[in-house]
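To begin, one chain is listed below as structure tokens, in the form predicted alone.
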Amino acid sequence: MLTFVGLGLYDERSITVEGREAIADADRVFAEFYTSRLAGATLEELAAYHGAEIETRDRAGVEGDPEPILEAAAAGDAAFLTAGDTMISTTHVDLRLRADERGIDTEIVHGTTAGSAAASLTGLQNYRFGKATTLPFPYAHGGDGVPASVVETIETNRSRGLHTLVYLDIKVGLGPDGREPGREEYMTADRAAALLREELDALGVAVARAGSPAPVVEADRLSALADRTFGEPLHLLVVPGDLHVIEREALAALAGAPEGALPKPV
């Protein structure tokens, strides 16, 4: 059995009771933190909380060499841990399909997603979000500024009155022993706003440390957000489309949006 467990958004306590039980029942526990990570907990804290030895795998160890995970799942019960919800990333779906091809049973224990948290914290209605996009570091996509695909996604959503959730790039090098040597870099909401304002100076909402005891949510024009700081990672950015009257009130009350930055409600 291979059980995919979403750890939630922030620290070792963000997991569901079902997820914690799945880890306790597993013979071996694997995890990856290259698609996302728990900003409020180290690997050691996570392992101590669950009383388990957690074997971390980097991207190559999941996508290129999943055999240790699959062999453990074929021989007994294996758990595969990820931050957020476990099936948001394509790489995890691929691992599940590989298990299925080998006749290995799989289960999914869901965790809170960044998308649902962004809607909850900002007061923007979940069903009014369009296609999401990811804003990479300029060096990561081999160009300057913002990829055309990111701008196209935001503009297409806005033309339909829909909000856009912008995931922000993460570059973390995880070693096989779970330590994090080398470079860690996280795209921040202010840097993202600075990049995007060159393309459109629309209303934006910065969300920092969703799932933590003290998340930060601030709304203003992108040019204004670009001049602020929002503290430690992880960050998200939302570019709203048309606003329902309740959404408009929520951004003013919950995210401090100035009146001049808010479009008229529809």
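For clarity, every value in this text was computed on a predicted model and none was experimentally measured. Note that residue numbering begins at 1 and tracks the sequence as displayed.
From this point on, the text means the form predicted in complex with a further copy of the same chain, which you will not see here.
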- Message: Let me test this: is every residue among 3, 42 and 56 within 4.5 Å of a further copy of the same chain in the model of the complex, going by heavy atom positions?
- Response: no
- Message: Within 4.5 Å, heavy atoms only: does residue 141 come near a further copy of the same chain in the model of the complex?
- Response: no
- Message: Whether residue 185 contacts a further copy of the same chain in the model of the complex should be assessed with a 4.5 Å heavy atom distance threshold; does it?
- Response: no
- a further copy of the same chain contact at residue 18 in the model of the complex, heavy atom, 4.5 Å: yes
- Message: So in the model of the complex, is a further copy of the same chain close enough to residue 211 to count as touching (4.5 Å, heavy atoms)?
- Response: yes
- Any residue of 114-143 that, in the model of the complex, places a heavy atom within 4.5 Å of a further copy of the same chain: 116, 117, 120, 121, 123, 125, 126, 127, 129, 130, 131, 132
